[in-house]
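The chain below stands alone, shown as structure tokens; this is the form predicted on its own.
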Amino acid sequence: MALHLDVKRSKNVLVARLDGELDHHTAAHVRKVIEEELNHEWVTHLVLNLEKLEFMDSSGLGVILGRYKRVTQMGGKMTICSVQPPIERIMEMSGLFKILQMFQDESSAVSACGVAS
């Protein structure tokens, strides 16, 4: 299965919605697309909506961690939302929740970045 990535802007927040599988086959594409968007001056924060993400391996964890580092170096905030239980377990075991906040829905995640959605 492939991955579909949809990005949208909400003021100074980039919202990336992932649908499918984030693994070693798709990680480079996700990294490239998000990095290109983060290069725009108007982007300060990043929200990853994982509602339709069905699978993630260590390559996916690497993509998330790398974007977290990039966004925080820019002075922004990164949040995740709508995480399915299998993906949540992987993130919990990896320790990602020690640095990333998780929200139930996209609106809450965007608001946590200091922006009213």
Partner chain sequence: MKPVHTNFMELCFNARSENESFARVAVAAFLSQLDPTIEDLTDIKTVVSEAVTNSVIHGYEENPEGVILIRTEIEGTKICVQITDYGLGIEDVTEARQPLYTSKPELERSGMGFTIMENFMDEVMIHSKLGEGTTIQLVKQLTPQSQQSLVN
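Positions refer to the first chain, counted from 1. All values reported here derive from a predicted model rather than from experimental measurement.
Another form, the form predicted in complex with its partner chain, is not on view; read the next lines as being about it.
- Proximity of Val63 to its partner chain in the predicted complex falls within the 4.5 Å heavy atom cutoff.
- Its partner chain in the predicted complex is approached by Ile90, whose closest heavy atom lies within 4.5 angstroms of it.
- Looking at Glu21, you'd find a heavy atom of it within 4.5 angstroms of its partner chain in the predicted complex.
- Under a 4.5 angstroms non-hydrogen atom cutoff, its partner chain in the predicted complex lacks Val83 among its neighbouring residues.
- Residues His25, Arg31 are the members of 25 to 42 with a non-hydrogen atom no more than 4.5 angstroms from its partner chain in the predicted complex.
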